[in-house]
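Taking the form predicted alone, here's one chain by itself in structure tokens.
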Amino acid sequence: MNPFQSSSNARKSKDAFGSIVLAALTYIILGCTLFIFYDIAKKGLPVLMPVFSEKGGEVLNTDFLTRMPETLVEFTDAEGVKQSLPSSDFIEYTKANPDAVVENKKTNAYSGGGIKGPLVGTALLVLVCMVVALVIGIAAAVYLNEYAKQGRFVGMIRLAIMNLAGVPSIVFGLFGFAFFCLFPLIPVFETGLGTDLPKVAIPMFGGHLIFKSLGNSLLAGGLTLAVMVLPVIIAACEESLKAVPKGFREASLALGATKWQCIRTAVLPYATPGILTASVLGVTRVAGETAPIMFTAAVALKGKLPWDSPSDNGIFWMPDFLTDSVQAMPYHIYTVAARIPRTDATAAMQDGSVFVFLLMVMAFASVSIYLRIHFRKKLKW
């Protein structure tokens, strides 16, 4: 007989019941997630790929991806057929048909054209955010885990980082608006200011060194998102560094490496998969945020891409598109879903935007997951 076999049927029953409950809860969550994805794909896929719609059409709706958002004009023609055209197409239609009958004209803001502007703006915001957050987050994690003397002060810093992770995103948005948008942070050298000088103006080389704020801009939005996601990245990177065996460090130091050489060659390469996991968590956190970018970077409607409309704000050493406002998918979806009544004409923009945004977030996360798996396969320890 097996001396470790339980003789109590009640224990077995309780264990089986607990397993069933846990499995049921897991599959319920999985089912809800799959249902949400299915519903979004069912409504949005025909917009992106009309071939899957009831009417059929082209394989890919390139206009939806390559045109800027416009006002949608609904009207009834002379034959009583309801038409809906983006504002630019409607203008061309009236020019080409000056005698055309246009009745029951109705406009819906942001519901025509495509989503090129929000797509580009979201990608730029995520890129700026992750570059800044990963550089600062990895540096902070390396310091806390490798250099800092463990004690009460470092413990308080870690507690503060954990507390920041639970702060609502709208609080970060207000902080970003007050600090990055309004506070003069950027040094700029200007000449010919005359007597109209700001409070802080340092004379030099026949001009003055002054400080300007970023205003509502891509850089302000990216920095705000970076501050918001820093606690998650620092915590994940620090755990990845802790997972590297101490023997790697001891062997490297025993061979005569300096502290930084040890970290660079014997610690960071083996912590790379975990750091990429942190980037996945960061992307999925910031890509869908609305409140921070609403205060700091996003506008509802813009006819040009950031690099097509120079801001001319005098920050000569910084690319103009970084100091210009952008459109963003979360704010665009909020605008078309919350402010525009849902009709047969506006539903395409709402459903298509949500579906493409879901694909975009999945693409960002997939790239990070692929890189994590790629680097993990190369590491053997």
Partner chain sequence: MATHFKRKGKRLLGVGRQDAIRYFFGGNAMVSILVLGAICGFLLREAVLFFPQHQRDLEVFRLTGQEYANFAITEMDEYTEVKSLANQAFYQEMNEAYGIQRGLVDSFGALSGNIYDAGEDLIEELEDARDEVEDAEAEGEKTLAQAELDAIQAKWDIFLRAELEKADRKTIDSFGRLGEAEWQQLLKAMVEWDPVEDEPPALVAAAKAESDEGMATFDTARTTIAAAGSELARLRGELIKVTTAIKDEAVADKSAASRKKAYLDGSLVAETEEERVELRRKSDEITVREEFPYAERIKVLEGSREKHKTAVEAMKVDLKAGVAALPTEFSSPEVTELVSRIRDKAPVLTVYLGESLMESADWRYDEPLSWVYSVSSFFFGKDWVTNSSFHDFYGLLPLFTGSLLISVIALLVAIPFSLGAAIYVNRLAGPAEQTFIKPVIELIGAIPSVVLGFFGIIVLGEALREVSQVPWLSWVPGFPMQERLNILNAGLLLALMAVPTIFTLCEDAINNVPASFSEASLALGGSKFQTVMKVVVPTAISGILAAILLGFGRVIGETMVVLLVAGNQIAIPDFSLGAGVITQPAHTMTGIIAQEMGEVTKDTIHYRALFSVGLVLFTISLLINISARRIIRRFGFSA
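We call the rigid core whatever largest set of C-alpha positions still superposes within 1.5 Å between the two forms. These numbers come from a predicted model, not from an experiment. Numbering follows the first chain given and starts at 1.
The same protein has a further form, the form predicted in complex with the partner chain, not shown here; the description that follows concerns it.
*Asks:* Taking the partner chain in the model of the complex, would Lys259, Ile333 and Asp351 all count as contacting it (heavy atom within 4.5 Å)?
*Replies:* Checking in the model of the complex: Lys259, Ile333 and Asp351 are all within 4.5 Å of the partner chain.
*Asks:* Should Gly155 be classed as touching the partner chain in the model of the complex when contacts are defined as heavy atoms within 4.5 Å?
*Replies:* Output for Gly155 is no: heavy atoms all beyond 4.5 Å of the partner chain.
*Asks:* Given that the partner chain is not shown alongside this chain, does Gly288 nevertheless sit within 4.5 Å of it in the model of the complex, heavy atom to heavy atom?
*Replies:* Flag for Gly288 set to yes.
*Asks:* Any of the heavy atoms of Phe90 lying within 4.5 Å of the partner chain in the model of the complex?
*Replies:* Residue-level check for Phe90: no, no contact with the partner chain.
*Asks:* Is Ile234 close enough to the partner chain in the model of the complex to count, meaning some heavy atom within 4.5 Å?
*Replies:* Taking the distances in the model of the complex, the answer for Ile234 is yes, it comes within 4.5 Å of the partner chain.
*Asks:* Just to confirm, with a 4.5 Å cut-off on non-hydrogen atoms, which of Val142, Val128, Ile186, Leu119 contacts the partner chain in the model of the complex?
*Replies:* The residue from Val142, Val128, Ile186, Leu119 that makes the contact is Val142.
*Asks:* Please pick, from Ile202, Ala78, Met162, Leu301, the one residue with any non-hydrogen atom lying within 4.5 angstroms of the partner chain in the model of the complex.
*Replies:* So the residue touching the partner chain in the model of the complex, by this definition, is Met162.
*Asks:* Go through 53-61, 37-45, 319-327, 66-74 and give me the stretch that gets within 4.5 Å of the partner chain in the model of the complex, heavy atoms only.
*Replies:* One stretch meets the cut-off, namely 37-45.
*Asks:* Give, in sequence order, every residue of 346-368 that has a heavy atom within 4.5 Å of the partner chain in the model of the complex, or say none if there are no such residues.
*Replies:* The stretch touches the partner through Gln350, Asp351, Val354, Phe357, Leu358, Val361, Met362, Ala365, Ser366.
*Asks:* Quick one: once the rigid core is lined up, does Gly31 have its C-alpha move by 2 Å or more between the shown form and the other one?
*Replies:* Where the cores coincide, Gly31 still shows a C-alpha shift between the shown form and the other one that is 2 Å or more.
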